[in-house]
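The chain below stands alone and is given in structure tokens; this is the form predicted alone.
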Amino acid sequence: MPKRVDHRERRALIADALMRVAAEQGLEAVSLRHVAAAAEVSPGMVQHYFRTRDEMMVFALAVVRERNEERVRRAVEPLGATPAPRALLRAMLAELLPLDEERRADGRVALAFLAYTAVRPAVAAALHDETAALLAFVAGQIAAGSPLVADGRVDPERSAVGLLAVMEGLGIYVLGGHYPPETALAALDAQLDLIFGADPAR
């Protein structure tokens, strides 16, 4: 009986190899041949699953997203079924910062891929819905949890844009070795203070 092939597993294996190549050698080294060698499969197999380099990039970004979602799920789980919005956002955004080697590796790859999509609108389009959904979620948490919204001192949508921009910027500086993790977390807390007011627990 022929062995059943797990196509999802094969695609993930190839995407992992792609990310290793990008992290270790730079995005310019990513090619069907290099990725096939890293995955220890034939170039033909890579091409069977990904017809173009752009298809590989979009799938690899999806793998990074799935890893981040799993990390966030684990970080938020201890907060219970109905966490306070500020605590939820703090746990989620802190988990997305590249504060350990595993997250730094994924962060380097994600940053390289986002730079790649900046000059390829068709590839970038695959990320638009994801970005919009994240922005809407963060804005909803701010609207639900910030006492500064009621008197107009905080606009949920604009604050969400700023909070995500701060998180992304901190990630870039941590990846570059400009800030240690504790500085990034302190800056994140300061931004949350501007949105939710000072945290009495600190």
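Quick caveat: nothing in here was measured; it's all calculated off a predicted structure. Residue indices: 1-based, along the sequence shown.
Below, we refer to the form predicted together with another copy of the chain, which is not included among the displayed structures.
The listed set Ile172, Ala37, Val63, Val149 contains one residue whose heavy atoms approach another copy of the chain in the predicted complex to within 4.5 Å, identified as Ile172.
Within this chain, Ala133 is remote from the site of another copy of the chain in the predicted complex, having no heavy atom within 4.5 Å. Although the partner is absent from this view, Gly177 contacts another copy of the chain in the predicted complex, with a non-hydrogen atom inside 4.5 angstroms.
In the predicted complex, another copy of the chain sits beyond 4.5 Å of every heavy atom of Glu9. Proximity of His128 to another copy of the chain in the predicted complex falls within the 4.5 Å heavy atom cutoff. Using a 4.5 Å cut-off on any heavy atom, the residues of 99-134 that reach another copy of the chain in the predicted complex are, in sequence order, Arg108, Leu111, Ala112, Leu114, Ala115, Tyr116, Ala118, Val119, Arg120, Ala124, Leu127, His128, Thr131.
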